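Listed next as structure tokens is one chain, alone, in the form predicted on its own.
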Amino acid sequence: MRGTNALLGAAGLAAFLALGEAVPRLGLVKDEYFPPTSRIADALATELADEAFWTALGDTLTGWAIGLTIAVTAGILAGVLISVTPYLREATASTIEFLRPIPSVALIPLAVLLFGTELRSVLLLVVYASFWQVLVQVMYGVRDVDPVAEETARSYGLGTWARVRHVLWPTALPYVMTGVRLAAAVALILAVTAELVIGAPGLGARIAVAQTSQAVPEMYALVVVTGLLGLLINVGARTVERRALAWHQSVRGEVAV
């Protein structure tokens, strides 16, 4: 079954690449706006041989990794603390519902005003966008704890830390991993967006330079790199999720299928 799916995926990708090659060569789209796949591949090979490309890739991954780490840590701690403290949960509910829908890109002027084109501007946007993904999932996970299991743990004399470790955390972990996976994708999107708009060092800034200099094949090649990067991050996050939840029914059922 997996082999068939892999073949179908490869066939679909090959068809897509062939279509990308044929459309501009048939004159359906001007190749100055959408170059053939072969020219994009040549531009990608040139980029891979350029040391500046790897520096830009490192800058993007640095902003993504640091921002994601901060967001996940803060989201888990804040989510657990808010969820297990009734008064705090009630006091922060309206604030969370107000702040969460604000698009991170709306904070770009503030980021530029505070930090210019430094890494901290990227981190501000990445952390803000990713934090909510984790926080909301953690809060849902904590609320899903079985009250009977909680009361049973109390009756056996388990302290607060023991209840968090043996009751709350196993229940919330599937939600936490979902939040981390979503946050990883969002963090990459905001890292590249910040670089593209603000001009902070990274792949986004390199895409902007290629666009303004009319280096269209190079621009598409860099876009392909960001897409592949997103794919690798998603696959990596799913792999970590499966390993962390190997004991969970959903993962065991997925493996069985």
Partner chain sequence: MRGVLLRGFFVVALPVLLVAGWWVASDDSTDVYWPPLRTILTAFPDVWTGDRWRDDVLPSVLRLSAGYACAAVAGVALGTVIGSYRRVRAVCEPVLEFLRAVPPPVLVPVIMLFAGIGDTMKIAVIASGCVWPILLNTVEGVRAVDSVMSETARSYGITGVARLRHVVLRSASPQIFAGLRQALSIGIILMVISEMFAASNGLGFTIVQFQRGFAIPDMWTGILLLGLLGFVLSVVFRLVERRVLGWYHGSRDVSRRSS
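This structure is a prediction, so every number in the text was calculated from the model and none was measured. Positions refer to the first chain, counted from 1.
Quick note: we don't show the form predicted in complex with the partner chain, though the next part is all about it.
In the model of the complex, the partner chain sits within 4.5 Å of a heavy atom belonging to Gln211. Pro101 belongs to the set of residues with a heavy atom inside 4.5 Å of the partner chain in the model of the complex. In the model of the complex, the partner chain sits beyond 4.5 Å of every heavy atom of Thr117. In the model of the complex, the partner chain lies within 4.5 Å of some heavy atom of Ile108.
Think of it this way: in the model of the complex, the partner chain has a heavy atom of just one of Leu158, Val112, Leu173, Val145 within 4.5 Å, and the residue is Val112. Remark: of stretches 184 to 192, 38 to 46, 65 to 73, 51 to 59, the one touching the partner chain in the model of the complex is 184 to 192 (heavy atom within 4.5 Å). Annotation for 221 to 246: interface residues with the partner chain in the model of the complex are Val223, Val224, Thr226, Gly227, Leu228, Gly230, Leu231, Asn234, Arg238 [heavy atom within 4.5 Å].
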